[in-house]
Each structure stands twice: as structure tokens, then as C-alpha cells.
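The C-alpha cells that follow cover one protein chain in two forms, given apart as structure 1 and structure 2.
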Structure 1
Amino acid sequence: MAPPETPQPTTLRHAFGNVLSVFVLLLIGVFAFSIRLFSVIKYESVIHEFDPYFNYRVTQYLTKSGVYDFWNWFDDRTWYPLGRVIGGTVYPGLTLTAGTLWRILNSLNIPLSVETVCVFTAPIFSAFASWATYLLTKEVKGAGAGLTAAALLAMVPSYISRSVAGSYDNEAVAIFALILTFYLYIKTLNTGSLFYATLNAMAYFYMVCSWGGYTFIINLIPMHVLLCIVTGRYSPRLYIAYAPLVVLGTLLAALVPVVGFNAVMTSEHFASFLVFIIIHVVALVYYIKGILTPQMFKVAVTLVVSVGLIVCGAVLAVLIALVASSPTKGWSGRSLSLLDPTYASKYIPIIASVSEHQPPTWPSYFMDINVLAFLVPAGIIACFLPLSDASSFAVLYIVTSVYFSGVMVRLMLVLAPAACIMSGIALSEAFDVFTRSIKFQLLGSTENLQVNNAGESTNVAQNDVVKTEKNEDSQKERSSRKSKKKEKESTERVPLVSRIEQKLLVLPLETSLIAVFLLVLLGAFYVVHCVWAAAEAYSAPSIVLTSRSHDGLHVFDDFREAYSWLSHNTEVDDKVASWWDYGYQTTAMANRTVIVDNNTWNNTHIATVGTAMSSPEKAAWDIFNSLDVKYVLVVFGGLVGYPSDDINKFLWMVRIGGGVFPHIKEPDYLRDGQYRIDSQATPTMLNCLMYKLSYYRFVETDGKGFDRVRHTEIGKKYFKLTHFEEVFTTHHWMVRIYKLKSPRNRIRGKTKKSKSKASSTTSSKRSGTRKKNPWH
């Protein structure tokens, strides 16, 4: 608009503000990256847990063989003898991202290993995510709120838990994609630009590539569009923001093999199509209203609305018929359990049993979003005063995500960005009010200063408004037509007036000072909590364990010891059987074929392994032999007190095995309903393979066989293995590897009984005298 009277100081001020913002954002990015490095500093640069190892292996394959081979990859190293089609069953976003990153770095002659790139992908993308949060919040409530929200997101514990260095999982990039998609949607909604609409569809495509959680987007945005229409906020900008997203987004989503035709055939996506129809009907009505006189319009409206209703009704009927013809009404079990929270606990025990699908209690919120939980309501209220398209979207986002997080603790991750945005808005508004109060009253102490300053600050305020107005106008002029300009001007006059008014809206000085102090204290507490959570709670890689006792730090690196033993001492084509938890790690680190892995798609196969583990030695040998298994790997924590070992998971093996093979019965392993491995244990328990492999020679360690996890002496201490032989046990006995004896040896063993016996006793004697563990 008209240039301000004194352009010099304000432009300088703005330039300074922008530079400062960029600098702050840079620092936020560095902070987001570095707070996630605790795992590398405290442990080392390794990939964490289980699923990331699979992603790592896929990335390795991608960098080695290229995209096309990756797309068609049939993996014969897992689910032996079935194999698994990797290209068609994974979300490729993360892998492609890290692969591209690695390729770019290599082409720049920065020779990083694939593992290093994978380890640091998540921290890099969390920096991106905090920048995306800045952009999104800026669209909703301005730059100040944006910076605050970005800073909060950089360290929100819920997000840290999924994105520490080494946690190479889908969520690491998906949260960035989620926020970016929302930002571009809001940006399109605010500008009405087709350019942003196209970018939005691309961002949505990236999200679909990355994570199954994309269904949240494709339901939330239609909900918002519907809300806008119902509350009479329809505008052409809304149409531009929505229609291209549905058309392009759906087409792009169908390109991802794992989604494919699901993008048009499952109920999760139907809401978007329904709203797509509705927005067209509404757009038509608005168009006709524009070209007709009011009288004509009244006639036409009955016609159009009735025709539109009939069309809608017909489509609706088709949809309902389609949906009703499928048994689950077209919804997947997980989605249904979100809509009806009690659904999963009633009908799908496998979903209900997973710990991250449990509903959270209040301490989970305090742990994961900490003091943001206090600030969010203020942010919600701030979004309603005044309510715009963008802020209504933010409210919808927080409300849906907070409800979903209440159903499943895992979805706390989706809540975290929304909570950061809301808290950013709340904090920024609060600081705005309090610092204004302090500023004007401190300056008001001397009379002339006040007059001067009031004049100046009104000027500044005015200039601020003029400037922003100009900015927005120049943005909008490109996209929108003149006719809307008038309307916009009138809406933007309001803040100008209100700003001048606001100068008078102040709070008492001393209480404002205290309030600012308390808010800063609250922020400081948040920082302390987040750093603590990042350092202590979420950084353990679970592949290397440490424990601190009075005599210093102990490091347990048994898993990698075992996997490298496997890769160095076994044939390339040998098959290794273990419980499915260790499948991904075995294929990735030992490069050996496994029977089952963490992608639990075939229950029967898992049940077979479970049955073998719960059977006596001979039966287990038969099962394993029929699967060509050479080695059996068990994880045992009884010596060092590692609680998540196979004996503690054993009841699940029995249950899952018994679910398919009825001769395995859970009560046979329980004494009066109690799971125990001491002298009171049932004979079935004491003779099953898992017990024998876990506790074989265990008594030689301390002479009593005291299990430090179960806190009891084991029931059967001295026994021999007939069909398996111990080939390797790690330093702390956490992983024990057994080889299946070949049948020929077994027969010869009977004839030369005395000889083998003698040799085995000597060997065990020797090892007993030298050290507890013969392999060390």
C-alpha cells in the first residue's frame, strides 16, 4: 500500500528481524540435531533395536543394486523357505531418502558408509521437521509463534523417542512429511496458489511413501474442508487447496506398491472422495449464485440442490453397498480400533497385545509432551480468537490427534507436533501480552518518554501492520483476483485498529514480571526434562547394553558378538532359527537365512518355530530339521539379569504355537497357573527345548544355577543334550548358539558312547577350571 512515512528504520528493523529469525532457525536446527546425538555419544554410532536393522539392510541393498532391483527384490534370506517380496511390501520413503542422501554425499566425494548415513537420517529430518513446524505455525499465527513452536518441537520427547541417532525407522522421516504436507495445505489455503497445491500433492506422496500414518492426513484434510463448508467458509482458495490434492495425491499414492489400489478401494480413503463430491456441489452452487440474479438464484437453488442431493445420494448408496459387502466394512482393524476404542480389546487380541497399542495413562502425557500439556488449552483458545481457516485447521488437528493418542500410546507421536504448535501459539501470545505490559509501564515512568515513545511505538505498530499487509498483498495479488481485494482490505484494517487499542491493554507491571519469570521457569523445566529424556530414557540402542554398578560401567555387547560369530563361522547358506524378535538382526548383521522375522506376516510359520521351542528335544529336532535349520539361537538373560530374554517370552511361543498346533497346551507349562522354572516347574516345561537350550551347563557358572531374572534356582540343573550341541556362547551368556546334530552322528554316538562321554567330560572339566565360559 502507501509507503510508510519513515521507511528507513522500519525496513532496517524488518531486515534485522528476518536475519535474526533465520539465525534462530539455524540454531533450532542445530539443536534438534544435536539433542539426538546422546545415543552416539553414550554408546556408539550404531543402528538401534530391531526394525531399523531391516531398513538398514534394505538401504544397503538399494545402494548396492539400484532402484529397479530394489523395487523387484525378492528376499530369500528370510521366512525360509517362503521368502518375502520386499519391494512390494515396504514403505520405500525412508530407504529411498537415505539412499539418495548417501548417493549425493558420495558424488560430492564425501565417503560416508551407508550405516553412518542411516544413523544420522533421523536427526537430520528432525531439524527439517522443526523448520516445517515454523512454516506451518507462521501461516497460522505469525512468525513469533512459529519460532516458539519450532523450538518446542526440536526437543519434544515424544518425537525424540522415535528419532534419536540410530533409530532408523519410518517415523523419522514421516513426521517431517506430515508437517510439511499440513504446511503446504495451509499455505495453499491462504494463498490460493496452484503451485503450492501441486507441492502439497507431492508432499503427500512423500508421506504415503514413508508411513502408513498417511491415512491420518487423507482423513483430516477432508474433515477440515467439510468443516469450512458447513460453517460457511467456502472460498475458491479452499477448492484449490483440496481438489488437486485429492486427484494428484490419490494418483501418486497408487504408485506406491504397498498402497496400490488401496488408495481407492479401502474405506480409509472414502471420506476424501465424499468430500470431493460435496465441494464440487458447493462450488457449483456458489458459481451459479454469482452469475444469477437473486430471484433467479432462488429458483435455481431448489433445482440444483435437489439434483445435487440425488447425485450425492446415488453415490452414497453405491459407496455404502461397496463398503457393506466387505466383512470389516472396508476398514482395517487398526482404524476401527481408533474409531471404537473398545473394538481391539474385544476382537483383535494381536493388536491389543502390542504394548504400543495400549491406551496411555496421564503420566505418559507428562513424559512425552511434558509442560506442553499445560499450554495447549491456551493455544486452542488463541486459535479461536480470531478464527481463520488456518487456525481452525490447527484446532482440528490437535483435537483429532489428542483423541487418537488417548486410544493408542503410539499415536502420541502425531500429537506431538500439534501440541508444539498450540503451545508455541500460547507462549508467544502470553509473552506478547506480558512483555508489552512491562515495556509500556517501564517506559511510562518518565512522562516525556512515554509521550515520545507512545508516538513512536504507534508509528512502529502502524508500520508493522502496513508492512505485513503489503507482504500479504503482494503474495496474494499474484494468485487472487481484484474482486477479493476489497474484502481483504477490510479484514486487515481490523488488526491495525486493534493494535493501537492493544497498546492500552496492559496488565500490572509487577505481576507481569512474575508471570514472565514463571513462564521462563516453565520453559526451563521443559528443556531440562527433554534433555533428561533424550539422554536417559530414549537413547539406549538395545543392541549394546550398559549397566552401572558400584565397580563402574559394564558394557554388554553380546548380540553383536554372536552375530559376528555366525557370519564368520557358518556357511553362507546355513539357516538359523530363533524367535522372530531376532530375525531382522540376524539377516542384517550375520547375513544368514532366518525362518521368521519381525515382519510377522505368516502366523503359521511363527507358530512352527514356537512349537519347536516348546517341544522336547527330539520333536524339536525333527521340526527344525524339516526346515533345513542348522543353528538355533536363543537369548538368555539369567546370568546377567537381562529381563527381555527368551525364557520370559516363552509363554508367547507356547500360546502362538498352541494356536496352530493344538498338542501344545499352555497349562502344561504352568504350575497352578504360575509360570515358573524352579523345582516346582512342570516336567513339560523342564524338558522343552527352550529350557534346555537356555539352561544347558548353566549350573557350572555358580554351582547352584541361580537365575538372576527370575530370582530363583533353576529346576533341572544337570542334563545332557541329545540332538543339539552347543557351538557358541557369548561372554555374558546372553546369546547361545546350538547346532543340530546330524542324524548319522547320532547313530554312531550310541556305539562309541564311552569315548564321546570321556571327551565331553574332559572338555567341560577343562573349561570349568579355566573359566566359566569355554568360548572366551
Structure 2
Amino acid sequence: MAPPETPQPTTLRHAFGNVLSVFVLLLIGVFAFSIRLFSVIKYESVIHEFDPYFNYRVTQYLTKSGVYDFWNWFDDRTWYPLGRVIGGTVYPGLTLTAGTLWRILNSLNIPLSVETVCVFTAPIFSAFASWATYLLTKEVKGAGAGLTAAALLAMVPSYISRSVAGSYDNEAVAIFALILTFYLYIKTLNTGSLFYATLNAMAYFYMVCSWGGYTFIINLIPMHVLLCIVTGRYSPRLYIAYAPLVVLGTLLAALVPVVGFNAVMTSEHFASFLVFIIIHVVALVYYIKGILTPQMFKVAVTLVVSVGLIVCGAVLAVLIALVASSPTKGWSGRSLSLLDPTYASKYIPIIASVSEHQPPTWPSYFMDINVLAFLVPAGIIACFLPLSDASSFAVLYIVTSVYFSGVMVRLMLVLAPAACIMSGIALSEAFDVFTRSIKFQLLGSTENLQVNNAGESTNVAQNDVVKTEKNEDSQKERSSRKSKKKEKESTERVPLVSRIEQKLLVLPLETSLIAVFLLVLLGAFYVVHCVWAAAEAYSAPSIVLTSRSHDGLHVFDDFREAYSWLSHNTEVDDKVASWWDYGYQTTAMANRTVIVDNNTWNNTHIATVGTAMSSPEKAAWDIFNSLDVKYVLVVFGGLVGYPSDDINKFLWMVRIGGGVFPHIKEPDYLRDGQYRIDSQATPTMLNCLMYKLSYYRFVETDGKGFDRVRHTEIGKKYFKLTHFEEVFTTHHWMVRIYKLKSPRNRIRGKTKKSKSKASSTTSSKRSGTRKKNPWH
């Protein structure tokens, strides 16, 4: 009789593992929040960049006026004289989230300002994103890979660049919504639960509310569903994971005002509907196969496939008709620029002019994801051992995100979670192999002794039995015993063979120790790089700049100095013209009406400002005067070496303006195809408004007019302004503000006395007083 097996304490070990996992996740969340506070510690609690200032202004209005006034808010301080309907043109997820958080804190008697809540929203949601990454990776490859991926995402520089304290942009909450949607999709796919399918549609709705990148989700998931169908991995769980998402998710997405009927009318969503039809045809085929005989099934499949092809053909015909009626084939400009990287530079220069829409360089990959770039291939290989529905989705996610990040540097943010997931899987599998090897090598000697002793005792017993039976049995009985003995030995060798097969996967002890040491060293290098990126590269707010020299740290606070001057020295109704980059900041910090801003929804309006900046002084004055502009703001970095100034952006003003007004031609501003501002610059360049407003009195700074950004002396040093007057220049000459002079001809006309009223009226009627069109 075999002795009873002693129960192993698996329950206690499992409970201890869960508690340890929760503790590690809490530490990861605290670390993800803390590493993003360098901007507050080194500088101050301030909103960063340009777009976050608009979001902050909208959140202020939401907390003061309420949700209903927010939906109906018409902002007359932007895009003068057109204005903007805020509720119907903004993704409300970020502002509603921060506004709700502010109200909850105030209801708990925690009196934080709206600005403070906005500053710390991104670090809070970065912790949530790390936890969501753990859940997603756990569904793919287990808890160990999930913890590793969560730790990697908590400090990956690509995500830190968009989630530092003060980076109050849509991506602050959108990345969490993206990962959560993917997790709930995989959870539904693994369990087949309608509960998780409903939660998945709700997470998708939150993603639609937060960011326009939701189209990545609604195209990636159909691609995975189609991949599963083509590879023969269809199951009812796949249907439950996809069908409710398309139906409920599309209905919820249509409730967002900025999306509306685009959820069913644009080409970005057509793939989901086509796959929706395909999965229903496949589900019907599998259902019929289960209830019919093979002969009847062939007939039914022929009928179903025929009807399905007719329906798909009709749907495709309708989609083709809708797409053909659109000049952009139903795609948005940004989507077309992703599918065709050269599209924006050819047809929509306003999109190509944005720096974050440019393709990344190879060093940017090492900067933003660092060593993860080398671990991703290993993670992809691990996903195929074995391949499951969840791991195939992870592979598809990393492949598509790599492509899109190669087209647009902004989408490195989408690549970061995929790279962390793959790297977490690779590191987890590697540590599993190496630690198991060390364990077997250290414990192998005692186990071998036990196995050898047991083998020797069994052999001695068998030999004794054979010796006693030799004297009694015949030759035939010996052969039967030998056959039985061989069967017994073969059955006893099975566990030994399986153990040998396991030991074949075990690496030598020295190799395992060296590999573990190298992996720890690689992780330490990754942590050091991420902390450096968070502290130095991505913590500085663009509104406040710093530089180090031999005499210490220098702070350039020119932007806030200029906006403060506008707020205190101009009238409330004055209009300020500048390039669109500074529109959001001017409206939020100076509280003045702007002509264009960072929304860039009206290309003609932006081209008008670009044409004015590219025109001579008199023509530019006519354009600005027709728009009721009182002040013109330009950013100039030639004195301190600030490279992101308007002179470096000027060619984009020319291209955008020339795209609408053909008399503006880019070759007129180039000398032999080169952009120059020195003595070799073209007369058109030296006489345009942007050149004059940037370099007016610049020669007085050093006597030479040396531009530290372009590393050359300017071509036109001494000139006067006729129609503009300088009213303010910041301490470091980074922001310069000019005021339009009054029309002297009208004032002079009032002092002159006409000889006779009759003659003046007849002459005025005869001339018609035609006003020259300022755009031609």
C-alpha cells in the first residue's frame, strides 16, 4: 500500500504571493508618481507647454460655471472674429476628470486650487497606467511579467515626457484609458464574460472622451479579431469580446460632441464594421455546423457564404460611395499622414509644421525607451512559446505601434506601453530560466545522491529475485520474466527521462549567475537613464527656461514677463496677433483675444497670419488692421540662443501662407535654395515683417548684430519701423511686442480743408475711394 501524500502548503504560498504582489504594485505606483515631481521640486508648480494652458483654462471655466454651461460655451477670445464653440470641439475627458477630482477633494475639505489639481493629474494617472499594465501583462504571460512591465512603464522616458507634473495634456489620462481598454478586451477574450465586455465598452468610451488616438483602438482590435479568424482561432469568447465593443462602444462614442456621427461616417471606423459583419458570418457558419449533418452543412455553408458575400459587397459599395464623395477619401489629415508619411508635407503644411508630427530619429528611440529596444525582440519570441490569443494581440500591438512611432514622433507614447509589456515578458522569462538553473544546480547534488541510492537498492532487489527464480523456472518462464522486467524498467524510467529532459533546459551555474548579474546591471542602467531623463530632459517647463554657464544657473522667465505686461498694460478688448504656437498661452495667461491658436482648425485663418508675417511692413499693417489687431507678438532667440523662435519657424509661415495666397512664394525667401538672414539674404526676406520685428534694434546689443542661433551676423542692421512701434521687449529679448500705429493718412485728411464741399463730394464719388485688398 502506497503511503499517503503529504499536502503541500500551496494555499498559504499563493496568499503570500498575492500580498507581496499588492505591496510591490503600491511601491510601483508611488515610484511612478514621485519620479514625475522633479519639475515641481526644481522649478515650481506650473502648467507646462502650450496645449495644457488651454485645458487648464477650460477646466477653470468648468469648475466655475458647471457642466451645462461648459457644453454650450462659445469662446469669443479665440480665433477672432470667428470664435470657437468649446463644448463641441474639445475632447472633454481630461477636463471632466480633473474637475471631478477637484470637486471630490473640496467635498472632503481639502482646499486645493484648480491649478494644483491640473498639475498633479498626470502623475496620478501614471500610477494608474502602471497598474493597468500589470493587469494586461498578467493576462498575457503571468504575474511575474506583469510586475516587471508595470515597473518598466512607471519610469519609461517616453511616457514621462507627457506625464510629468504640469503636463496637463490629453495623453495624461488617455494612455491609462488605452491600456485599460486593451486589458478588458483580453480579459473578456480569456473569460468570455459579458460583464468584462460591458466594462470594455465603458473604458473605450472614456478613451474616446480623452483623446483622438482612440482610432488606434478601434482599428487594432478588429485587426486582431480578423487575425484570429484567419488562423482558425475563432471561439465564442472572441465574439463576446468584439461584438459588444463595436455596438455599445460606437453608440457611446457618438455621444461625445467632438466625435458625433464621425463614429459611423469616417473611414477610420469602417474596418471595425467590416470585421463585425465577417465575425457574424463566421459565427453563423459555426452554429450551423453544430446542428446539421455534414451533407446539409455543405449546402448551408454555400448559402450563408453567398448571402454574406452579397451583404459585404453591398456594404463595401456604400462605403466606397461615401469615401469617394470626400476629397480626402473619408480620412482625416492626421490619419492620412500616418498612412502616407509624405501626405502632410505635400498637401497640409500646417500638420507638417508641428515638431511632434515629424518622424523620429534613431537616437530618439534610445532616448525614449532606452534598453527596451533590445528586449522587445526577445519578448516577441517569448509570446510565441506558446502562442495564445492574448499573446498574439500583444505581438500585433507592438508591430503596429513600432510602425506608427516611426512615422510620427508623438506616437512614441503609444509605443511605450507595448515596449514595456514585451520587455517585461522577456525579462520575466529570462529570470525564470536563470533562477531555475541556479536552483537546480545548487540542489542537484543532493537530489542526484537520492536518485542514485534509490536506483542501486532497486537493482539489488531485482538481482536477488532473478537469482532465486533461476533455479526454479524453465527457459520459457525466464523469457516471460525478462519481458515483464523490461516493461517494469520502462515504466520506472519515465520519471527519470522527464527529469533528464528538464535538466537539458538547465544552464550551467556560472552561466546563469553571469546572466543574472548582466540583467541586473542592464536594469540598473535603465533606472539611472530614466531618472536622469525625468530630472533633466523632461522636467523643465517650456514657459520657464534655464541654462548653465561658467557663472552658474540662468533662468529665463521672458514668456510670463511678456504675458504679464499684456495683462496689465493693454485693454481687455485688445486683439493680439502672433504665430499659432502662442495662442493658448496668450489667452490663458494674458486674458487677451487672439487671432489664431494651437487648435489649428482653420487653415485659412492661420495662412492669413502667415501671409502678414511674410509681407512687407505696409501690406502686413493692412492685413492686421483689417482683423482689428492692436498688438503683434514675436518670439526671438537670437540674443540668448533660443532655437525655437519665430525666425526658425518662418519658412512654415511662408509655406502655409503661400498655400492659400499664391503671391507668397517660398523661393523668394531663399538664396540658391538656402534659408539665410545674413548679408546674402534676399530682399524679400530682409524686408518682410517677421525679419523687421525680430531684428529691430538688435545691433544695439553688441554692435554687430550677431545671431547666436543662426551663428551669423544679420544682413540688415539699421532700419526704422514705419507702421509699427515697439512697446515692450523682455529682459532677454525673447519676446517682443509691437503696436500698430494709427493710420496717419486719415488723421492728416481731417486737418486739410477742402476748397468746396461740392467738388470734394463729386471727386470722392468719381474716385470711389477703392481700398486695396491687403491679401494681394
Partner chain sequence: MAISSTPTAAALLLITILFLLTTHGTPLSSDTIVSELSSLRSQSSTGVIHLTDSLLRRILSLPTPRPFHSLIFFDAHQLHSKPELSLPALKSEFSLVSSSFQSNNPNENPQLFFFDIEFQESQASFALFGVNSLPHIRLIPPTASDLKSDSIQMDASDLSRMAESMAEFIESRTKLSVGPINRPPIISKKQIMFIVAVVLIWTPFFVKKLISGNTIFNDKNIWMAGAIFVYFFSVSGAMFNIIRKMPMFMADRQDPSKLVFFYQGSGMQLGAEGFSIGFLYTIVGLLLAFVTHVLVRVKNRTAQRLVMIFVLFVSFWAVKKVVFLDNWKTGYGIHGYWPSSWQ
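These figures come from a predicted structure and were not determined experimentally. Rigid core: the largest C-alpha set superposing within 1.5 Å between the two forms. Structure 1's sequence is the ruler for residue numbers, which start at 1.
- Where the criterion is the form predicted in complex with its partner chain, structure 1 meets it and its counterpart does not.
- The Cα shift for G523 between structure 1 and structure 2, taken after rigid core superposition, is smaller than 2 angstroms.
- The rigid-core alignment places the CA of S107 less than 2 Å apart between structure 1 and structure 2.
- For Y642, a C-alpha deviation of 2 angstroms or more is recorded between structure 1 and structure 2 after rigid-core alignment.
- In the core-aligned comparison between structure 1 and structure 2, the Cα atom of A562 sits 3.4 Å away from its counterpart.
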